[in-house]
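One chain is shown next in structure tokens, namely the form predicted alone.
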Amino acid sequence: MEAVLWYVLAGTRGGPNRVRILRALDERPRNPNQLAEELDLNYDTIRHHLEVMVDNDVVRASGDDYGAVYLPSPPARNHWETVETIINQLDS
């Protein structure tokens, strides 16, 4: 899981936005529309990053497709120290 986190959050161009999304989801579950408004990102951009993170088991959806809210996955929670290390490196 650590390698996946480094790849998804720090190894690609979309990493910084994925970190922003993951930070927001760490505070509380949100749907894509809420994330788009809060992070001032395009809705389709949010959907793309959520899809990448779901495919890599970094976040999971709860609920049906349209009204689904997202939250960090259990594997991501189990490796949260790695997530924080990545966040700190991207912030510096």
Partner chain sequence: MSIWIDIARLATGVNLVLLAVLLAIWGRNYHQLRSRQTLGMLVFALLLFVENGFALYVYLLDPVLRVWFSTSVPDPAWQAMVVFHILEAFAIGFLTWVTLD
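Quick caveat: nothing in here was measured; it's all calculated off a predicted structure. Positions refer to the first chain, counted from 1.
FYI, the form predicted in complex with the partner chain isn't displayed, but the following is about it.
For the three marked residues, N33, A36 and R77, no heavy atom of any sits within 4.5 Å of the partner chain in the model of the complex. The partner chain is not drawn, but in the model of the complex it has no heavy atom within 4.5 Å of M1. Taking non-hydrogen atoms only, A61 never approaches the partner chain to within 4.5 angstroms in the model of the complex.
Heavy atoms of I21 never reach within 4.5 Å of the partner chain in the model of the complex, leaving it off the interface. Put simply, V52 is close to the partner chain in the model of the complex: some heavy atom of it is within 4.5 Å.
In the model of the complex, the partner chain lies within 4.5 angstroms of at least one heavy atom of each of the following residues of 1 to 17: W6, Y7, L9, A10, G11, T12, R13, G14, P16, in sequence order.
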